[in-house]
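Take a look at this single chain in structure tokens; it is the form predicted alone.
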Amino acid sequence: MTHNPTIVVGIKQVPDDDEVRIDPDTGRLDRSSAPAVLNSPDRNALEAALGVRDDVGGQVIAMTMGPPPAADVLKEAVAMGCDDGVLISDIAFGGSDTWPTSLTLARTAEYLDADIVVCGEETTDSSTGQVPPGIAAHRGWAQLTYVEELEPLPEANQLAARRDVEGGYERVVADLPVVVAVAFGENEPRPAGLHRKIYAENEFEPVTVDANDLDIDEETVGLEASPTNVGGMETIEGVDRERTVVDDVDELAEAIRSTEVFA
């Protein structure tokens, strides 16, 4: 990569997963049932992007897609250290699943002339992990998924990643531009500084873009353009587990031997 790249971080406002409920009639999340918060894996994405900027300079721009209140998560991102934030908001985007969402974010990355797009590996309101690869597919870019660490290689215009694989890890190098999906919990997000918090809350104003700005045909986004359908939903009751309390190791061994598995 060249020095001073433009690094765009995709973040999302989601319902607090400790309180959210499912609408039994539609099978979709009842977003009004819980307070809206910044998607937890996106904090790791923000830290990874800010770390690249620490190494090679450049600017970090947070982008989020949603209604005007979603700008609150952009304030959090700016408080953490992002240089700017973009709100992608248009009634035409309402109801978009992962396909039109990744299309819209890909167009926004193009609009911002991004060199690197960084996302969390998934969102807590859907947990598909499809959006980062979708952005890469729409742009025809390389992708690095399940990333634990990033190492900029500016002289080669590349980004190296340590990524999680079954039984260990691998080191992969990709040419820019590239989309990165950062594994949840793989870094320690930096705290927001007091002065950044004050700036984010009182002075920061996000740039707002819509379908027209991004040259998006409204028929390619939104609920009607989303191929995902909820086929059904049922509540699974937990299985009652038998519990036995023993006083010593010998009694434990006998209890194990007497179970049906070992009988």
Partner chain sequence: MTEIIADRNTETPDYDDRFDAVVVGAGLAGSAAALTMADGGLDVIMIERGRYPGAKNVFGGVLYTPTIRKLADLDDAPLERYIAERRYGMLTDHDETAISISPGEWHEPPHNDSYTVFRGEFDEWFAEQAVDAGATLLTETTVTGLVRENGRIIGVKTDRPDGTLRAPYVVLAEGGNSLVSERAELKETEQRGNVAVAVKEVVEFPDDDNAIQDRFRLTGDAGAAYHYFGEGAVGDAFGGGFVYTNGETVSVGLAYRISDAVSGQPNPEGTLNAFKTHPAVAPLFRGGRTVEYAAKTIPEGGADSVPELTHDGAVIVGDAAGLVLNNGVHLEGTNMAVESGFHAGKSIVDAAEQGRTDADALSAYAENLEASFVMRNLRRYEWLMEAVENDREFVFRELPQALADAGTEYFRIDREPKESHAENAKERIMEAVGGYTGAAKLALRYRKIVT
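Numbering follows the first chain given and starts at 1. From a predicted model like this one, the values you see are computed outputs, not experimental measurements.
Beyond what is shown, the protein has a form predicted together with the partner chain; the following relates to that form.
> Name the single residue among Leu112, Ala92, Ala71, Leu150 that comes within 4.5 Å of the partner chain in the model of the complex, judging by heavy atoms.
Only one listed residue qualifies here, and that residue is Leu112.
> Heavy atoms within 4.5 Å of the partner chain in the model of the complex: does Val37 have any?
Looking in the model of the complex, residue contacts with the partner chain include Val37, since a heavy atom lies within 4.5 Å.
> Closest heavy atom of Asn212 to the partner chain in the model of the complex, within 4.5 Å or not?
Outside the cut-off, so no.
> Classify Leu46 as contacting or not contacting the partner chain in the model of the complex by the rule of any non-hydrogen atom within 4.5 angstroms, answering yes or no.
Answer no; every heavy atom of Leu46 is more than 4.5 Å from the partner chain in the model of the complex.
> Using 4.5 Å between non-hydrogen atoms, is Glu201 touching the partner chain in the model of the complex?
Close contact exists here: in the model of the complex, Glu201 approaches the partner chain to within 4.5 Å, heavy atoms only.
> For a quick check, can you give me the residues of 124 to 138 that have a heavy atom within 4.5 Å of the partner chain in the model of the complex?
Stretch hits: zero.
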